[in-house]
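There is one chain below, alone, in structure tokens, taken in the form predicted alone.
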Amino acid sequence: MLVLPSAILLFAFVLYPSGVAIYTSMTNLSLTGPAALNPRFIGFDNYTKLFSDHTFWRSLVITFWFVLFSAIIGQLVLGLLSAILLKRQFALRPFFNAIILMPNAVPGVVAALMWSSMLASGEYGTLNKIVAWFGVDPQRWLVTFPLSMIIVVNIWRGIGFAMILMNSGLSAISEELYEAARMDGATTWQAFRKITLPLLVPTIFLYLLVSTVTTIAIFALIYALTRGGPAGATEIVGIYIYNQSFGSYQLGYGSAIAVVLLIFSLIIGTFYVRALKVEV
């Protein structure tokens, strides 16, 4: 009985929608035409089409690079570095702490509007004004470096969450271990490599589990910034699902892509859950 409310919510918002998506992926449901009123069951035809769709595989590769450089590398490294630095006591510590945490509270669309101004083309863009001080010509940042720019924006938004988790992991490490290491003549780098990193492994894998799955599902931030352009350069799988479902009106095909993405997410999640069981 205690678990029942959670089970009802899980069924209503996860299991039932997933079941509907799986069924829809096996139909030719569309937003227009005869298939909109009378969708027909077509089995695995959408999946056959999907695995021969070069645009889908391109969006999957773009998603991989986006997740790798923004969540797995960028946010993790900078979040861990921020947590280590902010453990020290110094005068402006609360100020820097707020700077790092505030982007995490900004909604995706609001963050996209802020960065649209920052990355605007021409001499009035904030970033162009900054680089002009160093003699660099104005750039069309979201056209010339589209994927790199959305990676930077996503790192900016996610450092705070990574820092919070890393800080909790660092707080669980006893200071006596570091004192013993210093007495044995260990350098700061040796203490970090032999004590901090091994004891942070469970926290790191927990962060990677959460950040990888949530980054794969990002939509609003990228859609508001680039809409997947230019020429599909930032069309991650979430944007591709939207374009196929509501741009090309193929709800059945879009559902098939969503189901495949769900399977990929489950595989990644299973890997991280098994990795969390590692003993240090």
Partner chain sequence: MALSKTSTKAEAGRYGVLIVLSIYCLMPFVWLLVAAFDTNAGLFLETPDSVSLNNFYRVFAEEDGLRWLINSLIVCGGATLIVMLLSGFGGYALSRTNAWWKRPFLYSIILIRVIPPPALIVPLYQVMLALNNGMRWLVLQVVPREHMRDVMQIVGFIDGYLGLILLLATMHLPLALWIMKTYFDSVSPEYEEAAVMDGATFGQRLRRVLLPLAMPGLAASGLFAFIACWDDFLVPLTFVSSPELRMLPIGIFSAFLRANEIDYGLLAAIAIVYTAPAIIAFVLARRFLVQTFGGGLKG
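Only a predicted model underlies this, so the values are computations on that prediction, with no experimental measurement involved. We call the rigid core the largest set of C-alpha positions that still match within 1.5 Å between the two forms. Residue numbers count along the first chain shown, from 1.
Beyond what is shown, the protein has a form predicted together with the partner chain; the following relates to that form.
Participant: If the criterion is a non-hydrogen atom within 4.5 angstroms, does every one of V20, S255 and L266 touch the partner chain in the predicted complex?
Facilitator: Contact check passed for all of V20, S255 and L266.
Participant: Heavy atom within 4.5 Å of the partner chain in the predicted complex: which of V136, V109, V143, I72 fits that? Just give me the one.
Facilitator: Of the listed residues, the single hit is V109.
Participant: Is the gap between I42 and the partner chain in the predicted complex 4.5 Å or less for some heavy atom pair?
Facilitator: The answer is no: I42 has no heavy atom within 4.5 Å of the partner chain.
Participant: Please tell me whether any heavy atom belonging to A217 falls inside 4.5 Å of a heavy atom of the partner chain, as the geometry stands in the predicted complex.
Facilitator: Looking in the predicted complex, residue contacts with the partner chain include A217, since a heavy atom lies within 4.5 Å.
Participant: How about Y249: is it within 4.5 Å of the partner chain in the predicted complex, going by heavy atoms?
Facilitator: No - in the predicted complex, heavy atoms of Y249 and the partner chain never come within 4.5 Å of each other.
Participant: Is the gap between A224 and the partner chain in the predicted complex 4.5 Å or less for some heavy atom pair?
Facilitator: Close contact exists here: in the predicted complex, A224 approaches the partner chain to within 4.5 Å, heavy atoms only.
Participant: Where, within 115-129, is there a heavy atom within 4.5 Å of the partner chain in the predicted complex? Residue list please.
Facilitator: Stretch hits, in order: W115, S116, S117, M118, A120, S121, Y124, G125, T126, K129.
Participant: Against the rigid core, is the Cα displacement of W189 between the shown form and the other one at least 2 Å?
Facilitator: It does not reach a 2 Å shift.
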